[in-house]
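The chain below stands alone and is given in structure tokens; this is the form predicted on its own.
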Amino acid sequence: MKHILSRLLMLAVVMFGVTLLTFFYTSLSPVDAAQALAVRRYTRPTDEQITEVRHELGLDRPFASQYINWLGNAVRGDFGDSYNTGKPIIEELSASMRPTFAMALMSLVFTALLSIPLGVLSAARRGGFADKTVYLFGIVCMSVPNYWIGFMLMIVFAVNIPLFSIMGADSLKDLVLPSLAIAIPTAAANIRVFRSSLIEGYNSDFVLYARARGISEARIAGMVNRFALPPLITLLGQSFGFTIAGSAMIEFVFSIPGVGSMLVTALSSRDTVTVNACVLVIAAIFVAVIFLAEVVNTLIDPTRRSKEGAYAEKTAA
């Protein structure tokens, strides 16, 4: 519990840093948010109208006051209204997050279904034809961008073989191709990590000791898988966060109205308040998933915290 609480405290500090840096960098934008909003309202605003809008938005106050006010409202779930649409940002975020979150969950499932069996196969046939084939598959998939894989999947399974729709996110079926486009290159990288962890586990002393005691290979395989899972779980958590954060290109290819598309639209329209909200929500999801992966890893292998503490003491000495 102490280990988990320390991680939680560290992640809270990370979130505070994210909010501060995001708000600071958007405030440095050369585009005046008050002027951009005044142009949308009045087409050709006067200086008085721009000053009025700036006062309405609170942009004439000191930076610290603006940040504290924004952070206090954000903690309560109030991100204000979009400069671009005039609608509450929390409503737009809720609508945009649903397809992105569903796509990220589906891609996580596909990534696990590809990473674990192929990693086990590659480790079990180390140096053989299957291992080399999986290695080649990984190199090819990691060498091409996910949006190119998305285009290829679309051509094959939506045009030549019309099993899926080309655009939209009306059902889970519509998210299969974009989820696969994200999962394939991610799984290619995870396979190598899982394979290395499995090989390290089979070469460990505890496996030699278990075989000397006559323990069955099935139980040894379970022990090795438990030994090799923590790095893979961490990578899966990171891939989920990266999917949420980097979904814009895939959402553009498949015309999915997700949070990535919302962030790109806000950036192009200089809607800084929406940019801050999107970055904060994406960072919060990323941090929460990494924390959950840390908790799962601690439950799988409780000795990790003592190993980390011993390593820290040894490094300090």
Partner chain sequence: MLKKLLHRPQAVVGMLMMLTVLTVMAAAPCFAPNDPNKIDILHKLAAPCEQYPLGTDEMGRCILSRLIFAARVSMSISLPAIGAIAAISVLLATFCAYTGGIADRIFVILSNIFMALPPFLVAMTLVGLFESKAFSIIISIVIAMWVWNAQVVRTYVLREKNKPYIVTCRMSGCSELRIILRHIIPNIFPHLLVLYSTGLSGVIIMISGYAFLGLGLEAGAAEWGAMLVGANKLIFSHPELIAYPGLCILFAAAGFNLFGEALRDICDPGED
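Please read these numbers as outputs of a predicted model, since none were measured by experiment. Residue numbers count along the first chain shown, from 1.
We do not show the form predicted together with its partner chain, though everything after this point is about it.
Enquirer: Using a 4.5 angstroms cut-off on non-hydrogen atoms, would residue 46 count as touching its partner chain in the model of the complex?
Expert: Because no heavy atom of residue 46 falls inside 4.5 Å of its partner chain in the model of the complex, the answer is no.
Enquirer: Are any of the heavy atoms in residue 245 no more than 4.5 Å from a heavy atom of its partner chain in the model of the complex?
Expert: Flag for residue 245 set to yes.
Enquirer: Quick one: is residue 38 in contact with its partner chain in the model of the complex, heavy atoms, 4.5 Å cut-off?
Expert: It does not: once its partner chain is placed as it appears in the model of the complex, residue 38 has no heavy atom within 4.5 Å of it.
Enquirer: Given that the partner is absent here, does residue 291 sit within 4.5 Å of its partner chain in the model of the complex, heavy atoms only?
Expert: Result no; residue 291 lies far from its partner chain in the model of the complex.
Enquirer: For the chain shown here without its partner, which stretch in 88 to 96, 136 to 144, 74 to 82, 105 to 113 has non-hydrogen atoms within 4.5 angstroms of its partner chain in the model of the complex?
Expert: It is the stretch 136 to 144.
Enquirer: Which residue, 172, 130, 155, 163, has a heavy atom that falls within 4.5 Å of its partner chain in the model of the complex?
Expert: None of the other options qualify; the answer is 155.
Enquirer: Suppose contact means any heavy atom within 4.5 Å; which members of 262 to 283 contact its partner chain in the model of the complex?
Expert: Result: 263, 264, 267, 275, 279, 282, 283.
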